[in-house]
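Here's a solo chain for you in structure tokens, the form predicted alone.
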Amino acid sequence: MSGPTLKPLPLTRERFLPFGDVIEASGTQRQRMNEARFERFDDLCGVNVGADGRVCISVARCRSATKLPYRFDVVERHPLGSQAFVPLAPARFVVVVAPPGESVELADLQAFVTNGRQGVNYQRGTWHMPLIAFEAGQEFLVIDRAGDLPNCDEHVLDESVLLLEP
């Protein structure tokens, strides 16, 4: 097991704040709706699509499960808008992030594991590992920027990183 390793920490709003928003229905203001048969949790993340973009809502389904430990050497960012992933059924997933900037240093990478009911919203420009899931068929609601301009930059890391079990 040579080279850099990352062990994910539990995802919390405070830990993830430099990279974006944690999307979860807890600790937020609740509104009643539909004759109080529902609770609504509003404004859980800031969707940023830039001046020339539009909100795009999609579903991503995992075709190939990822097993940990997992070695990766590419991160990506979306310089024109935010990007959110919310599991459509309870399922833990791991995210690796680094602060916005022109490049990524290995020492800047941080890993987090969700509790199975949390989603994430990467703020515009935040570097992150491409989405992985632990089960084939796992689905995510994706809230992203759509538009005419390209919105995904990839960066190959100086060394591959081994992502460990949480």
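Residue numbers run from 1 along the displayed sequence. All values derive from a computational prediction rather than experimental measurement.
Heads up, the form predicted in complex with a further copy of the same chain isn't pictured, but that's what we're talking about next.
**Q** Under a 4.5 Å heavy atom criterion, is E139 part of the interface with a further copy of the same chain in the model of the complex?
**A** Because a heavy atom of E139 falls inside 4.5 Å of a further copy of the same chain in the model of the complex, the answer is yes.
**Q** So, L11 and a further copy of the same chain: in the model of the complex, are they within 4.5 Å at any heavy atom pair?
**A** Although a further copy of the same chain is absent here, L11 would stay clear of it in the model of the complex, with no heavy atoms inside 4.5 Å.
**Q** In the model of the complex, is there a heavy atom of a further copy of the same chain that lies within 4.5 Å of any heavy atom of L68, even though the partner is absent here?
**A** Taking the distances in the model of the complex, the answer for L68 is no, it never comes within 4.5 Å of a further copy of the same chain.
**Q** Going by a heavy atom distance of 4.5 Å, is I23 a contact of a further copy of the same chain in the model of the complex?
**A** I23: yes, in contact with a further copy of the same chain in the model of the complex.
**Q** Out of 45 to 63, which residues reach within 4.5 Å of a further copy of the same chain in the model of the complex, heavy atoms considered?
**A** Read in sequence order, the residues that approach a further copy of the same chain (within 4.5 Å, in the model of the complex) are C45, V47, R54, V55, C56, I57, S58, V59, A60, R61, C62, R63.
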